[in-house]
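Take a look at this single chain in structure tokens; it is the form predicted on its own.
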């Protein structure tokens, strides 16, 4: 079925998720890293896109889950067969999350010294320490423990009866630029940045080893590119680990790298008008309520079935907000109300961060082996779950 037929059957706007492409991305990403470091493992970042079909594909591929809240943990427990492989991250873990993670033996990445104490009280026994590194904007990170305090944190953990098994870092891709007041995105991070982070963790692991803290894994987090562009990252990171004497496991938490191009959003043109300045304005039935990432970087827009000369257009959504801009200057052919647009490669953070400000969230269709199904097809989802089990 083509997009117009899908819209006719299911309405507009409409999320279109490709489960097979997601799986292929995941396999390719893992293959690159295992080719350089066989002890690599994947914990998919649930916050990026927690569509159940994707989560089951991760489990079937032998991956695990990286979660940052209780809701994501509950999802992971329904999907991941071995809860000890779940990685619990985030700066504000509530007591119920810590208690569940402790009972299941999940790996909890502590964000602060105070969180170590809360984790111990909740029954957690296996922890990692998140190491704070500056953002790409140069500002100190609000996440993690400063490198100079890691040894003290490990000692404090041991005194609380906690076993420190991992060191973690995450090179953020999104930051707040204080001078301009803007949210800025920089993805992926460069290979040398990831290599420097890996070297830092390996040095710290060596120091902790001198005090009998057995660091099993280095968790490099996310911010990594898709498989087609990450060979240089893998070479640089694994070289840094070897150069600093680390030989344990390497944990990677991809999200955008595997989910971004696996989802498109189909939207419809509602109206077209000319602004006072002469600019063409295309008004659609989906805006920043469903594509919040457009506020920091507009998506690529395609027009199925429309050809001809292209010219600039301001593409906006249906909200009564002047900032509801999908694209400030898209090169588009001549359009009419009812035409379809495809916002391409919007699978990372767009669905999970979308809102119901305005209309309800769009329906989600999932493509598997060439067949489109509603994501809430409970009969088929149960079949998928049984296969995963």
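Values in this document were obtained by computation on a predicted structure and should not be read as measured data. Numbering follows the first chain given and starts at 1.
Keep in mind that the form predicted together with a small molecule is not shown, yet the notes after this line are about it.
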*Proximity to the small molecule in the model of the complex, single hit among 213, 93, 100, 256 (heavy atom within 4.5 Å)*: 256
*Name the residue from 144, 128, 287, 222 that puts a heavy atom within 4.5 Å of the small molecule in the model of the complex.*
222
*Can any non-hydrogen atom of residue 37 be found within 4.5 angstroms of the small molecule in the model of the complex?*
no
*asked:* Considering non-hydrogen atoms and a 4.5 Å limit, does the small molecule approach residue 316 in the model of the complex?
replied: no
*Should residue 187 be classed as touching the small molecule in the model of the complex when contacts are defined as heavy atoms within 4.5 Å?*
yes
*Decide whether residue 48 counts as a contact residue for the small molecule in the model of the complex under a heavy atom distance cut-off of 4.5 Å.*
yes
*Per-stretch contact check against the small molecule in the model of the complex, the hit in 168 to 176, 100 to 108, 151 to 159, 261 to 269 (non-hydrogen atom, 4.5 angstroms)*: 168 to 176
